[in-house]
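Taking the form predicted on its own, here's one chain by itself in structure tokens.
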Amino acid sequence: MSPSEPWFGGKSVIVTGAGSGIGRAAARRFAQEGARVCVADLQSTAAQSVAREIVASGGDAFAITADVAQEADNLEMVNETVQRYGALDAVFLNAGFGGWAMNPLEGDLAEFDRIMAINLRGCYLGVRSAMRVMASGGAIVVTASAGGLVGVRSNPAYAASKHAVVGLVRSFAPTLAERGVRINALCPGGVRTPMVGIATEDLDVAPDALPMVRYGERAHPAHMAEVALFLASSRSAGVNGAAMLADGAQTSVLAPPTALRTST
């Protein structure tokens, strides 16, 4: 592939949680790189809006409403993609749910179950559904979190779900590799997304001109989209079963408890 050729020319890609945030940025970038995109999201209006944006920009996309915690929805988005495009070449399992900060001793069990259903069960079902049709040479990327590599005191259920996602990706990797398919986890740190209550705007810059994420600042969804595209592309052919940390050095140093910082 020459530098001038699109990374995903003629390939078909599913992006879940594509109605906003990292998913929306990735769906748009996959399309810019020549992919035909299934824009999947629980919010039907949001998915349709992103698909229309892609088509209006000259790309090829369709929207589908999907609850990733439901096996039937996962199978439907995979089957619809193959029916429309003839194959499934890459999947970005990005849909997730953060929940709210909770006391681990008094937290709402329904909230815990919802976090696990979307983040962990959704990942498992997404991989299993994709592998029914994905041929050798395919790639799966799953959004985990920096909180899947370290603890999150304010939201242990979320951290546990993302630790499990990383474990699932690493455990899947050898089996999928036997079929010629790679799987990797993307582990963002703080990102400006609606999931954390931050409305985002598109960065009007070329991918190779994205600004550095300064230490202590949140990344933009576009930063994560570029990592996802790399992991889904043949340019990362040597990367498999990895947990790719993209947190702007957020977890690179020991941050002492407040009591230690203020003691003399």
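All residue numbers refer to positions in the sequence shown, first residue = 1. Note that the coordinates shown come from a computational prediction; the quantities given were computed from them, not determined experimentally.
The form predicted together with a small molecule exists for this protein as well; it is not shown, and the discussion that follows is about that form.
Not one of Lys11, Gly59 and Leu229 comes within 4.5 Å of the small molecule in the predicted complex, counting any heavy atom. Proximity to the small molecule in the predicted complex, defined as a heavy atom within 4.5 Å, singles out one entry of Val213, Leu203, Val55, Leu42, which is Leu42.
Between the small molecule and the residues Ala130, Ala157, Val181, Ile118, the one pair within 4.5 Å by heavy atoms in the predicted complex involves Ile118.
Although the partner is absent here, Gly248 sits far enough away that none of its heavy atoms falls within 4.5 Å of the small molecule in the predicted complex.
Contact annotation for Ser20: at least one heavy atom lies within 4.5 Å of the small molecule in the predicted complex. Residue contact check for Pro188: one or more of its heavy atoms lie within 4.5 Å of the small molecule in the predicted complex. Within 4.5 Å of some heavy atom of the small molecule in the predicted complex lies at least one heavy atom of Ala95. Partner contacts here mean any heavy atom within 4.5 Å of the small molecule in the predicted complex, and among 203-211, 30-38, 63-71, 232-240 they occur only in 63-71.
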